[in-house]
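Quick heads-up: it's one chain on its own, the form predicted alone, in structure tokens.
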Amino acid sequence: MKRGINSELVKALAAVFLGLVAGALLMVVIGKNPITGYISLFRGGLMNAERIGNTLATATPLILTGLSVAFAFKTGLFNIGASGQMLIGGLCATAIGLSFSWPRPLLLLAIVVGATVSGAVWGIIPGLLKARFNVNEVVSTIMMNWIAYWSVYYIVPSNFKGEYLETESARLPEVASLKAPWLTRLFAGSYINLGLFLAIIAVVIIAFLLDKTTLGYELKAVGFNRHASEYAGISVNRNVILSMMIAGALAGLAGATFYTGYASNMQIGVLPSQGYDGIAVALLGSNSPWGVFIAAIFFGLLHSGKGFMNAITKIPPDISDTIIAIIIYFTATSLLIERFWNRFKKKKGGNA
């Protein structure tokens, strides 16, 4: 087990290192100093309390969408639908926040539960299609993304239109926001909100579920070998549906943290990129809950710091996105990195 963890850590660190090297080469090509570029990039995400808060706020939905994708991966499924599940969760959270005038603790609880349940329902549909009719979950979750997109496109202007623009919902009242004055003050006015604590709780729960429960063992067994699991008496179809439901619930919760925490309303015509970024987070985090948490913080840092890097050094912010893409590429080809590492250890052992 320890050897496996070390191997995954080496692959992740190697992917990050190679991505940063490639980013440095791109900076050199466009005539910029990579050392200055990276200093400004990381300063942009970490140089003061406000920047750190914004980094954590940016990472919060990535933690949850990364968990969503990683959980499905662990059980042998590829959830491409985190964007749609996040969008539906955000829609439900926004609808509750704009429709009810309850006391703040009750309203926030309703927002969080509503977003989580709606995301779970959105995830159950491709799970059922996979379990009952063997419909490829990649295809069905992509289609569900666009159903969610057009649903929001119709529902928001029809029922929750903003005061000035039809392309966005009305602003949420302060009582319905996950922003907390004490957190905002602590991080000097940043976008950080209570969603970060929800994300950490989700990481702990998913880690416990996968590693310490019978259900987690069954889910991983189905992902490892569906036919052997069925032969052993495990209900494969039930676990497939349950896996997609939990993955959808996590992405739905991400929608609540983003649309009622980071933002204060919903805009139509936008499919949240965090759903697809969650795939990158899951890959870099080796589908481990705590690995996902660290990878999301790192990606949040890159996203948060790229504007400052551009302002100080005039390096295009697209460089940061390119670095992320290269890291994903090297993570996806981590088998080659692992083989190189094993060959290096064997050679080192032979020399000894």
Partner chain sequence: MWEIIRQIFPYAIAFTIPLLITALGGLFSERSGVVNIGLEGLMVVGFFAAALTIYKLEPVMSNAVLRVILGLLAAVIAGVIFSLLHAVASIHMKANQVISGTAINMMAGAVTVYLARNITGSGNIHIEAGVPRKDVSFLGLVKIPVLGPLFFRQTYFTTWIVIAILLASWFILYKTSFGLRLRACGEHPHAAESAGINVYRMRYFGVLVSGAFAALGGAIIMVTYSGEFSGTVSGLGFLALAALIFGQWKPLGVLGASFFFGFASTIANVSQAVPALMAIPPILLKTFPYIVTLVALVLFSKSSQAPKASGIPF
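Positions refer to the first chain, counted from 1. The structure displayed is predicted, hence computed values, not measured ones.
The next section is about a form of this same protein that is not shown, the form predicted together with the partner chain.
> Identify which of 197, 276, 102, 217 has a heavy atom within 4.5 Å of the partner chain in the predicted complex; exactly one of them does.
Flagged contact: 276.
> Tell me, out of 113, 175, 138, 204, which residue has a non-hydrogen atom within 4.5 angstroms of the partner chain in the predicted complex.
Flagged contact: 138.
> Please determine whether residue 62 contacts the partner chain in the predicted complex, using a 4.5 Å cut-off between heavy atoms.
No, no contact at 4.5 Å.
> Is the gap between residue 70 and the partner chain in the predicted complex 4.5 Å or less for some heavy atom pair?
No - in the predicted complex, heavy atoms of residue 70 and the partner chain never come within 4.5 Å of each other.
> So in the predicted complex, does residue 325 come within 4.5 Å of the partner chain, heavy atom to heavy atom?
Result yes; residue 325 sits at the interface with the partner chain in the predicted complex.
> In the predicted complex, does residue 121 have a heavy atom within 4.5 Å of the partner chain?
Output for residue 121 is no: heavy atoms all beyond 4.5 Å of the partner chain.
> Of these, 225 to 233, 72 to 80, 249 to 257, 86 to 94, which stretch puts a heavy atom within 4.5 angstroms of the partner chain in the predicted complex?
Of the options given, it is 72 to 80.
> Should the three residues 208, 221 and 297 be counted as contacting the partner chain in the predicted complex, with contact defined as a heavy atom within 4.5 Å for each?
Answer is no for this spot.
> Going through 119 to 144 from first to last, which residues have a non-hydrogen atom within 4.5 Å of the partner chain in the predicted complex?
129, 132, 133, 134, 135, 136, 138, 139, 140, 142, 143, 144, in sequence order.
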